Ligand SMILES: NC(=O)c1ccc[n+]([C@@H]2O[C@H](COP(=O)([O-])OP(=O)(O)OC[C@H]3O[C@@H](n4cnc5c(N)ncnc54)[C@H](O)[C@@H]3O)[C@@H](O)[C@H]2O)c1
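We begin with a single chain expressed as structure tokens, specifically the form predicted alone.
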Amino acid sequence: MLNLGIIGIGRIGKVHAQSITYHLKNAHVKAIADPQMNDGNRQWAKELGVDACYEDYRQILADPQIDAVLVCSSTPTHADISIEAIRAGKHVFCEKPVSQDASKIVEVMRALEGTGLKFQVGFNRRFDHNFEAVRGAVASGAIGDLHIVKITSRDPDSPPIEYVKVSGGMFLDMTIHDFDMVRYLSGSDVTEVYVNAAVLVNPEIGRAGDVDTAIITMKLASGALAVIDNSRRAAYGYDQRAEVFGSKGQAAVSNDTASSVVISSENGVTGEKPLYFFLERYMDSFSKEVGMFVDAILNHTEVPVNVNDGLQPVLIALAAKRSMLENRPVKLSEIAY
């Protein structure tokens, strides 16, 4: 049984705590920490069987009985807390992004060198059953040589403007998942990025210095091409689709829905809208990714999403921002870190 500590119990920290408690038989949440710890959170933790609640995460790092930590705190703290945890001898599962500053991710890499500790990044979409099947089709050679990757990723509604102002921008906040999916589905790194972007959903997003709609094209090291289309608002719900096309055919996945029922009548043919947002769409993937992290520790195997997998989407996002600002293709080799 692996003892885990969770640092940060906002929305995603609570999702992990619940999925570990209810779905993992080989792991136990021994402690949680959050600077905003209150009686409500303590009661919630007690009901989950958590042994201890702290305001200071360093109390988790100081506990010799805790084997690994999940870093679910605010994004600017991820890298520094990860480094502290590594120095304390803890395995680390870190929510994405490890940092929006690529040089900070390199610091985490250096801290890991020679430790033998496991470090996994929380790109949960890799563990979705649909995308795993698409990746399997590429890896098995079922579609032949890969030529094109297409990803559609559109949120059901735009985030609050206060969040937009501190998010790092759409590419580092939202599209970073899609950049990771391009690498995952293709099995190849990205070498060049070109962006067309606009403010079409909410003018307040533009006034905050960001965009809400984008078409992103990429060249891959394998020679294949990729395209992502993003929008901050799809009126019909959370739109998450992918297609890979190759010399022998294609593999594609549509949206998950509450049911597969299609009603046909004199008024037309209708079906269910997509599941509303990421907690509905990807809940199973949160359990699976932490389960594989725990298995990697217990079985002394490699984690499925390592720190370099955390670095590469950030580099792509930074190249995308430069491409948008300079209105030109940007090679990843131009991004210093």
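Numbers for residues come from their place in the sequence shown, where the first is 1. On a predicted model such as this, the values are computed, not experimentally measured, just so you know.
Although it is not shown, the form predicted together with this ligand is what the next lines describe.
Enquirer: Under a 4.5 angstroms heavy atom criterion, identify the one residue in T75, N202, S231, N255 near this ligand in the predicted bound form.
Expert: Flagged contact: T75.
Enquirer: Suppose contact means a heavy atom within 4.5 Å; in the predicted bound form, does that hold for all of G168, G206 and V314 with this ligand?
Expert: Heavy-atom distance to this ligand in the predicted bound form: none of the three under 4.5 Å.
Enquirer: Would you check, heavy atoms only and a 4.5 Å threshold, whether N124 touches this ligand in the predicted bound form?
Expert: Looking in the predicted bound form, residue contacts with this ligand include N124, since a heavy atom lies within 4.5 Å.
Enquirer: Should Q36 be classed as touching this ligand in the predicted bound form when contacts are defined as heavy atoms within 4.5 Å?
Expert: Heavy-atom contact with this ligand at 4.5 Å: present for Q36.
Enquirer: Does any heavy atom of I7 come within 4.5 Å of a heavy atom of this ligand in the predicted bound form?
Expert: Flag for I7 set to yes.
Enquirer: Give a yes/no on whether I12 approaches this ligand to within 4.5 Å in the predicted bound form, heavy atoms considered.
Expert: It does: once this ligand is placed as it appears in the predicted bound form, I12 has a heavy atom within 4.5 Å of it.
Enquirer: Can you check 75-83, 112-120, 247-255, 213-221 and let me know which stretch has heavy atoms within 4.5 Å of this ligand in the predicted bound form?
Expert: Selected range: 75-83.
Enquirer: Using the arrangement in the predicted bound form, list in sequence order the residues of 158-197 with any heavy atom within 4.5 angstroms of this ligand.
Expert: Counting only heavy atoms within 4.5 Å of this ligand in the predicted bound form, the single contacting residue of 158-197 is H177.
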